[in-house]
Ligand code: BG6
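Form predicted alone, single chain, as structure tokens, below.
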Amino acid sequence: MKGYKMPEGFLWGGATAANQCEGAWQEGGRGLANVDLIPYGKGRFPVMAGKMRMLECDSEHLYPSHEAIDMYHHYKEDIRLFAEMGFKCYRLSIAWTRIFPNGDEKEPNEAGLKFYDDLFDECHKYGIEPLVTLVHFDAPVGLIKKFGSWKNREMVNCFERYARTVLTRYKDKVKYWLTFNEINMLLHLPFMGAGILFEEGEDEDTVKYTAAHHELLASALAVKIAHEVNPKMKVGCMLAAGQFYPYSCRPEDMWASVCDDRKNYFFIDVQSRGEYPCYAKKELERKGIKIPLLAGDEKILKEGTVDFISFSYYSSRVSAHPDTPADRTTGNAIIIGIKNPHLKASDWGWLIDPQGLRITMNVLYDRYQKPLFIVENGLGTNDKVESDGSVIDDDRVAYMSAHILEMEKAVVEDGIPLMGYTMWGPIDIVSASTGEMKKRYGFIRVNKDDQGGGDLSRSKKKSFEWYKEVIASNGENL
């Protein structure tokens, strides 16, 4: 497929998260995090949603993230393979509990700091720019037990210490940072997204928006610290994006899509503009929710606006008025919910909408007028391994070619400034939504199954050479 050549300096690459790839959950002084407690199989969703209390591991469940793909010990091999594909950028996250195991220590864990020093050095060895997420769904269990995680303002102080530590330590090694991964996921999966458990009698909406306020303060403080530490650093926010389409042209369905979009963009509105939007203030007022706004908070938010908008895109979404009869998806129903009859779906029921990426990019830029960065986009499939060990993943190539072409149209035809594209994930990792290994995204196969079997050996899929050519041609050969 013929594509468009992207601007000089465009950052092609891939993205992972510490809790889905690193493993070594008890090595190097690392402490326990909420993501270590999310089991595979039965109970996974109730734990992620904060409905089932699990603050210790037990013998009845499997915990895939404990070993993951053991990138902690394989990172040199993995980064070498990324470099072979021509990566200009690698998005990764720092595990908070590698730096502060319980979250409230006064001094950081040097072994954890050194691990990321070495990892960043390995990236620079091949000319790969790290793009680093400060919090990719992980919260120290020590802080969950002590403070109730982000529902308590003390969490902001602990995060500020963590952020200042790593931003200062890596000020000459990392140019690009993200504060919170898919920050809007707090509203959908509170324990996975923010380590939040609901106590009996608590109003869940009040808890979630209180936690949201504290995360927004923390994000703003991280931006301010980064700019003080090194004015050349660029810090972005990150949301799970995807435009909501009205199910029909009924005004009621159109209004439902406007409301759903607003709920999704609420966090980014604050992070980008530095203040709560009027629609959010009115909605919180209607629900009787009082944000714990203290003196100085508005100043912190206004001074800590982000430099760019990053986002994940897997699908568009559909909105409908409650009385509109509409079929529901079997896939990522946490966010998507309603079937779009005009779109096909992936093996896991996620709707496939390449043009939706271009639409989403245009809406985001029209809304914020800040550079964009696509930091997640990919296809999870149940790859078939041939008798010779190869993986002919033509479906992945077709999916990504179509999405990258729409991305390129948004840049070249629509004029949208886009910093880069880091697909999810360049190497097979544990699925965040299901905990499976069989739901594979990578150009690189990892020999591991859902039950933890396999020797963790790495091998190239057919898509590996395809993406290598995409990067070499700067997007022209798709």
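No experiment lies behind these values; they were computed from the predicted model shown. Position 1 is the first residue in the sequence shown; the rest follow in order.
Below, we refer to the form predicted in complex with this ligand, which is not included among the displayed structures.
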Item to check | Contact assignment for this ligand in the predicted bound form, among Glu215, Asp138, Asp353, Glu182, heavy atom within 4.5 Å | outcome: Glu182
Item to check | Contact assignment for this ligand in the predicted bound form, among Phe244, Tyr162, Tyr314, Tyr90, heavy atom within 4.5 Å | outcome: Tyr314
Item to check | Candidate spot Glu376, Trp424 and Tyr441, all three touching this ligand in the predicted bound form (heavy atom, 4.5 Å) | outcome: yes
Next on the checklist: Please identify, from 432-440, 32-40, 406-414, 53-61, the stretch that has a heavy atom within 4.5 Å of this ligand in the predicted bound form.
Outcome noted: 432-440
Checklist entry - Is Ser463 close to this ligand in the predicted bound form, meaning a heavy atom pair under 4.5 Å apart or at it? => result no
Next on the checklist: Residue by residue through 20-59, which ones have a non-hydrogen atom no more than 4.5 angstroms from this ligand in the predicted bound form?
Outcome noted: Gln20
